[in-house]
Structure formats: C-alpha cells, structure tokens
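To begin, one chain is listed below as structure tokens, in the form predicted alone.
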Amino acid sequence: MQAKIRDLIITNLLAIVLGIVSSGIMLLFLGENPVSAFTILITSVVRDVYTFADIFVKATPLMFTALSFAFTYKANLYNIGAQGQFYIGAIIAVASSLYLQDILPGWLALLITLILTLLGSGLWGGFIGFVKARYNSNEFLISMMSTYVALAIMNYLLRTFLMETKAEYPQTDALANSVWLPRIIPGTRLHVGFILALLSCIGVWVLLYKTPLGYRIRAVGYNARAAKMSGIDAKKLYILAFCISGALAGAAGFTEVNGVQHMLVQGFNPDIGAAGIGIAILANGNPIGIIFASILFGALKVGGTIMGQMSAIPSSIIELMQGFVMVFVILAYFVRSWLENNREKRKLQKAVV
C-alpha cells in the first residue's frame, strides 16, 4: 500500500511538472518567456481576495464532474457523459428556479430545486446504468452519446419554452436574487456551492470506503464475476452507480446556474465534463484527492484568464497546459500499473523460490 501511494504521488507530480514544461516549450515557439508567463500566472491568482476566491468558484463544478466519473470508475464503469448530465441538471435548476422564485421563499425554492435537479440528472444517468445492466451495452458509448441528446434538448428548450422574454437570444431570463446561492465571502463570487462540493467529496469517500454499499461497488469493480458468486447483484449496482454519478454531475449544473450564471445560456461550460475526467484520473479516483486536483485546475483557469489580459500570451495556453497535464497523467496511470505488475511478479518469484 505504501508503495502504491508513493508511486501515485511521484508519478502525478512528474505529470504536472512535465505538463508545465511542455507548455513552457510551446510558449518559446510563440516567442514568449515561459518564466515571465508563469510568474504572472502564479502572482495573479493571489493579487486580491476576489481573484483568489474565484479559484474555488471555478473548482466547485469540477469537483462534481470529477466525482461523477470517479464514482462509476470504482465499479469499473466509465461515465463519459458527465457533460450531458451537467446540462440536464442546469436545465432542471433554471426551470425550477424560474417557476418557484415567485411562489416560495428563496431558501425553500433553492432546496426544492436542488432535490429536483439531483433526481432528474440521477434518472438521466441511471438510464445508462439500466441499458448496461439489461442489455450489456457499452456504457462508454451510451454515456458519450447521451451528452449529444442532452445538448440538443437544452438548445431546443432555450429557443422555445425557456427562451428569455424578449425572444432575442437563446438564453433564459435572469433568476431573481432570492434563488441565488448565498455568498460565503462578501464582495466575491464564492458561494455555498463550494461547501456543498466539499461535503459531497467527503460524503462519497465515506460511502465508498466506510459503508457496505461502497464495499460492494468496489468489489464489482475489482471482479464482477467473483462479486456475483459472492451474492452481490452487479446489475443493480450498475444502475445505482450511474444514478449517483448522474446526480453528482447534475449538482454541478445547479451550482453554476444558481451560484454563478444566474441564468442558462446556450453552450456555456462546454468542457466541464472532460476536465472532470482529467481531474478524477489525476486524483486516481480518490474523492479527497479530487478536492486538491480541482483547486489546482481552478487556479489554472483563473490565472490563465488574467495572464491573457495582462500580456500578449493567449489565455488558451492554459487549456493547452491542462491538456498536457491530462496526457501525462494518463501515461502515469499506465506507468503505475507497470510498476505494480512488476512488484507482483517479483513477489511470486520469491514465493516460488
């Protein structure tokens, strides 16, 4: 176990360093000084309270989408559809908020909206688990294609039933202040959704590692056939895992709509699902590790935007950096697997001798 933790820390740190170095090389091709660029990146995120708090604002939806992927991953399932589940959550959140904001007190409207969002996005994700359990369909493809369906539904609703009153733009009306998520720090955009994300990470860790349900999920992930022989119903767990996974991704939509955007706009946050996958891999699927990995990516997003404003360097270089980090993190996963297999072989050889 200690060797695994050591490999995880070393390989992921190397992945981050190599991602940064690769981005620096790309900056050289642009004729920019990488040291100056990264100095701006680091100093910009701590220049004032508003900017520093924005790191955690950006990290909030990333935690949810990363958890969404990580949860099914523990059952050896691959939920590539967090983006679509995020959109479904955003649709339900904005529709519920617009309907309830003039009927109920703000806190009650927010609570009902959250519950409806979790249920709706959970059912959307649960359908993927159902077809996996019922027809043994490839959950990778089904979850990926469901994203396009969710996107089409959102675009249709934003041009019809949910379109703003003037009917000029594919977006909804702005939400009333009563259904905004409360701010944690006055004068910043940091809202209580960040606390909800932290609690979700801790809750998922407890569920996976401290409860019988979590044990069954991980047992199915290790060996579904052996788990079935032990009396564990893998098919039910497929559906349940995707329900929980979908609800987590939908919660990201709720926090973005009610905490940041305060409306739903066509095509917003189109890469939140992909970023969540990279973060989950960087954290090796550990919910606690996801907290720190999300904050890292949040800092990169905030710093990249400011860097683009303060210099001639395009802010898209941060997306390139994140891409490099993700590539090296995936490579690090295979390196860890290779090291673990070699350790097991040496143990077997010693046992035989």
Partner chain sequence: MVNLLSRTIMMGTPLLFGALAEVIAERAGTMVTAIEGIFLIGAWAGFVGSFLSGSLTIGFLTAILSGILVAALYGWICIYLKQHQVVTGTAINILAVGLCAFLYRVIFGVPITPLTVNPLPTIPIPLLSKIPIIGEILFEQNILTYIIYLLAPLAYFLLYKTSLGLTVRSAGENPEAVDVAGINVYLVRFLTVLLAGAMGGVAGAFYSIGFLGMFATNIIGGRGWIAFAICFLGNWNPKGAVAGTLAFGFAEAIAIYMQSIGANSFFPNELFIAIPYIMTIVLTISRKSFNVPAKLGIPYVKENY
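What we label the rigid core is the largest C-alpha set whose atoms superpose within 1.5 Å from one form to the other. Bear in mind the structure is a predicted one, so any value in this text is a computation, not a measurement. Residue numbers count along the first chain shown, from 1.
A second form of this protein, the form predicted in complex with its partner chain, is not displayed here; the remarks below concern that form.
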{"query": "Within 4.5 Å of its partner chain in the predicted complex, all of Ala15, Phe38 and Arg183 (non-hydrogen atom)", "finding": "no"}
{"query": "Proximity to its partner chain in the predicted complex, single hit among Trp107, Tyr148, Tyr169, Tyr99 (heavy atom within 4.5 Å)", "finding": "Tyr148"}
{"query": "Contact residue in the predicted complex, from Val327, Ile288, Met310, Val46 (heavy atom within 4.5 Å of its partner chain)", "finding": "Val327"}
{"query": "Candidate stretches 274-282, 185-193, 244-252, 108-116, one within 4.5 Å of its partner chain in the predicted complex by heavy atom", "finding": "274-282"}
{"query": "Its partner chain contact in the predicted complex: Leu141, any heavy atom under 4.5 Å", "finding": "yes"}
{"query": "Contact label in the predicted complex: Tyr73 to its partner chain, heavy atom within 4.5 Å", "finding": "yes"}
{"query": "Partner contact for Phe127 in the predicted complex: its partner chain, 4.5 angstroms, heavy atom", "finding": "yes"}
{"query": "4.5 angstroms heavy atom contact with its partner chain in the predicted complex for Phe161", "finding": "no"}
{"query": "Any residue of 20-44 that, in the predicted complex, places a heavy atom within 4.5 Å of its partner chain", "finding": "Met26, Leu27, Phe29, Leu30"}
{"query": "Ile16 C-alpha relocation of at least 2 Å between the shown form and the other one, rigid core basis", "finding": "no"}
